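Next up: the same protein chain in two forms, each one alone, written as structure tokens (structure 1, then structure 2).
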Structure 1
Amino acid sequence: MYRAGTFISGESFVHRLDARLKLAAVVSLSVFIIWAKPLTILFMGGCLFCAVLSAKITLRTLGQAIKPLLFFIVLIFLAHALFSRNDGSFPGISASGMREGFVVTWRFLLLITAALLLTMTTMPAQIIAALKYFLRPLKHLRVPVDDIVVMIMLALRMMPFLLWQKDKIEKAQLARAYDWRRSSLKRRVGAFLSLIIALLLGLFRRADELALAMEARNYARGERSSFVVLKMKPADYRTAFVFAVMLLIFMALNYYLR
């Protein structure tokens, strides 16, 4: 089973693109998705899912990555469907609320899909190198860019571990014949709190082990060399040109569509 934040090895065209290009494209798309009109993001969603399929990532794998966020997706939809009413009446499901809930949920799904496409097709070391490249000008303002990059790298490393730890605890609960569907509300709350506590303990233990490993390898703050060398190829420049043209087309559609 796929866990969000894990790199999927492949030889597709998207995998071979420069990490800086993919990172810049995801950031640009994210800003445009938040700003664009509903009809525009519907068309953009189709193009984004085509990019996912071109990277040879199945919809099943994408669904497995989105599954942990399903509760929040449903919660966002219900919140807008129930409370997005302009007449100030008692909260309830309305056509306008359903429409707004669908639009907001669709935006959220597209943002998640764009981020997943980046992490699925780009090695963490390449993402870190791309981040370091874009944050380099901040060094002139005495911003600790290298420390920020290291923190982001550790966060990316911890995400799959958290999901793996969560699955491990849930399987241990099932092995002890725990069934949350037949449990009372009090037992469900207790099981949820025990899950959170176990996750935090495992995270702190993992962080302590990682700190000891970094100290054993003489880790020191400051600028360091990297074995990842980012170099733009002709295919990257062509892809950047096509992406810019498509973004201009979407901006034109966003201007003319309601």
Structure 2
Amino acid sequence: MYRAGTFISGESFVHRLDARLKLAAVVSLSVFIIWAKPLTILFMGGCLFCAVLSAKITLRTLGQAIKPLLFFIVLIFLAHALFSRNDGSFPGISASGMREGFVVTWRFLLLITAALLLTMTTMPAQIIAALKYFLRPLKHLRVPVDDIVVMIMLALRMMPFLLWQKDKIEKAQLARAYDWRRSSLKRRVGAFLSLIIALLLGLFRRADELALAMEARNYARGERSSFVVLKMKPADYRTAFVFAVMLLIFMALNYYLR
């Protein structure tokens, strides 16, 4: 996510794969990564690493995409390393805590990498088309799938903007030597409320402009055709097969490993 982690055009085997296949693979991988045992995901990391290399993504671009989350990763690691109290010493660094922290961080890194592999090698329009394909059954429940797909697309587009806005506010506060820790609770709440109201109203204004722009271009809700047409090629079927076999192998591995 952030600005880094967005689509980078390129020519590779992974780039050419069908978006539905990639989305399904990432989703099933993330289910597996969360449930699997520590040793299995260690092996899985190796496989994912190979996939990243075959997509011709350099480690540097991958690192740049993960960098904004670094603070978070360190936080998670410390939370587990310091506060996993199984030997009574609380808080304190314990070997088991360190190990747990490492496993959780590793899991987190794999989840991000799998997601990045999808978003970096697939055009957003294709991801959306794939999502629409998988949401289609909901139409029978009278869910307005087309509207929802458009909304997801908008939200995806808004997220980097919002993060950038948040960054800007924090930097502006820092530049003016604002430190919330040093002000009283009452002032803190007041400052937060006035900030959030101003921010939200500004965002609503932008949203209004967007609505106007879309209506001016005669956008209507409901069924839409798409510029992107997804089609499975023979190579996609072969990859799906290989992926399924590998997932089965990992499941078996997960079963037999401690």
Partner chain sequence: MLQEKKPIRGIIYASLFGALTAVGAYIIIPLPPVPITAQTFFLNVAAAVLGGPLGAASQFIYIMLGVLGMPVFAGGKSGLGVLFGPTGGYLIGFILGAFVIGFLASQKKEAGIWWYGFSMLAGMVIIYLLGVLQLSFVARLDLIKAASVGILPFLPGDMVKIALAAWVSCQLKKRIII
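The model shown is predicted, which means the values in this text are computed figures rather than measured ones. Here the rigid core means the biggest group of C-alpha atoms that line up within 1.5 Å when the two forms are laid on top of each other. Throughout, residue numbering runs from 1 along the sequence of structure 1.
Novice: Just verifying the output here: the form predicted on its own should be either structure 1 or structure 2. Which one is it?
Specialist: That would be structure 1.
Novice: W164: after superposing the rigid core, is there a C-alpha shift of 2 Å or more between structures 1 and 2?
Specialist: It does, since the W164 C-alpha is displaced 2 Å or more between structures 1 and 2 after the core fit.
Novice: Indicate whether L195 shows a C-alpha shift of 2 Å or more between structures 1 and 2, with the rigid core used for the fit.
Specialist: L195 C-alpha, core-superposed: shift of 2 Å or more.
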